[in-house]
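One chain comes next, on its own, written as structure tokens: the form predicted alone.
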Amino acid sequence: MIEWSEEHLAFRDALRRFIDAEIVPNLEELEHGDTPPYDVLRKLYSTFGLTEMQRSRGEAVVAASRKADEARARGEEPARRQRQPGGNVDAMAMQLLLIKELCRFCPGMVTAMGVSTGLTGGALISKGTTAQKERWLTPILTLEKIGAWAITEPGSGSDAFGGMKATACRDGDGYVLNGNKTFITNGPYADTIVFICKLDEGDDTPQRDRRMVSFVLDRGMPGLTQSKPMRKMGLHSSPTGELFLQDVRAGRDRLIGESESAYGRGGAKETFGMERTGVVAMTLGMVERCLELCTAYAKERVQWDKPIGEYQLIQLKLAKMEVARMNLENLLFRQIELAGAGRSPTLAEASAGKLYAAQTCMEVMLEGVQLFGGNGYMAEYQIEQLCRDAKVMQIYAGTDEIQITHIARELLRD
């Protein structure tokens, strides 16, 4: 794929009309008020038929899961779903276009949406039982319910697996959960939470070496506390909070896969890979918007009796932004082609894309602020918001340093 098709561009233009009508006029309230983004996202889904598409998707996943259960009951190996080459190109392109266009104005909204439908829903799709999918999946995919994926803890940071302190202890036919989670997207408002913790088997196994297990929790369960939204540097339209669990009782029906080995580090790493590929589309939208703003400003801002765009140093900044935009777009096209070939990026490939995208986006935004000068430092100009939002791209879904480690390990592997 080397360019967007006419259908893609028509979808993009329709998205832009929706964003201009529903998001741009409310951006101040979404960014600095007390309005969470979920009603706007639901209206977006309804407007573009995504609600019904996701409902159909959820029903198809449940039906396939039931069919696999029936095959196992007959002693047969469930048929694996064949991914048809070329079949996923348009679906992936539309999905990434949606992310890109929202990020031109409201990257936080994409984070809130992606964590709910992509990460929380994805955990259920990949590892959940048929009963768990029937119970929780479709409302999450359609945004009827808001989901959160809880792995990060106050003391763990990049050492998310080894440093995890949250525990699940067996108690009769169920479990008792304890622990704190922080920086949880949608945490304050989540209806459904995938809670990842370590299994405490009552032996001397070091905490770092204990098995990881995951549970599906619902808002309002006794012992579960969801904090108010945290104040932060950027992505203000994406509510972030803390979770506190004190002796939360969870039946085996809430254990993902109803197995203590169903959703370990492998499942979490799959989710990280999904997050990292999404960052490319997010940063492309932000870089596109930054370039638009800077190009327009360079034409209208006059210094020494001529537009600043006539000065070579300003031209250099704009040219580098365009190179960055082209590279990110080509990287996005590669992701779409991989989907069309029935492939997903390896963790190292996803990490490489995320590392480049995050660093490039931050560099472009800083140059954008510089080009605007004092105006770029003022909240009145959107470039200030984009610069604040860009920084987290180098932190969440794994810091730049963690991406480097994953890439290097793959290169050095025998």
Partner chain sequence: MKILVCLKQVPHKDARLEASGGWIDEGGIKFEINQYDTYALEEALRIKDAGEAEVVVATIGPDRTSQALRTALGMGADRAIQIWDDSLSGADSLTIAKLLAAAAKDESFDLVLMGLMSDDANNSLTGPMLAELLGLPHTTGAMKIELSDGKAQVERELEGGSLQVVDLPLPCLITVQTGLNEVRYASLKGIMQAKKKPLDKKGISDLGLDAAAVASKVTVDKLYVPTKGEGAEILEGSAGEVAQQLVGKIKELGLL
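Numbering follows the first chain given and starts at 1. As the structure is a prediction and not an experimental result, all values here were calculated from the model.
The same protein also exists as the form predicted in complex with its partner chain; that form is not shown, yet it is the one meant from here on.
Chemist: Please state whether every one of the three residues 6, 53 and 299 places a non-hydrogen atom within 4.5 angstroms of its partner chain in the model of the complex.
Modeler: Yes.
Chemist: In the model of the complex, which of the stretches 375 to 383, 41 to 49, 345 to 353, 61 to 69 has residues with heavy atoms within 4.5 Å of its partner chain?
Modeler: Of the stretches listed, the one contacting the partner is 41 to 49.
Chemist: My question is simply whether residue 144 lines the interface with its partner chain in the model of the complex - judged by any non-hydrogen atom within 4.5 Å.
Modeler: Output for residue 144 is no: heavy atoms all beyond 4.5 Å of its partner chain.
Chemist: How about residue 17: is it within 4.5 Å of its partner chain in the model of the complex, going by heavy atoms?
Modeler: Flag for residue 17 set to yes.
Chemist: Residue-level contact is defined here as any heavy atom of the residue lying within 4.5 Å of its partner chain in the model of the complex; does residue 291 satisfy this criterion?
Modeler: Residue 291: no contact with its partner chain in the model of the complex.
Chemist: When the contact criterion is heavy atoms within 4.5 Å, does residue 404 count as touching its partner chain in the model of the complex?
Modeler: Contact check for residue 404: no, nothing within 4.5 Å of its partner chain in the model of the complex.
Chemist: Between the options 94, 176, 166, 216, which residue brings a heavy atom to within 4.5 Å of its partner chain in the model of the complex?
Modeler: Checking each option against its partner chain in the model of the complex, the one that comes within 4.5 Å is 94.
Chemist: Of these, 310, 134, 253, 90, which has a heavy atom no more than 4.5 Å from its partner chain in the model of the complex?
Modeler: If I apply the 4.5 Å criterion carefully, the residue I get is 90.
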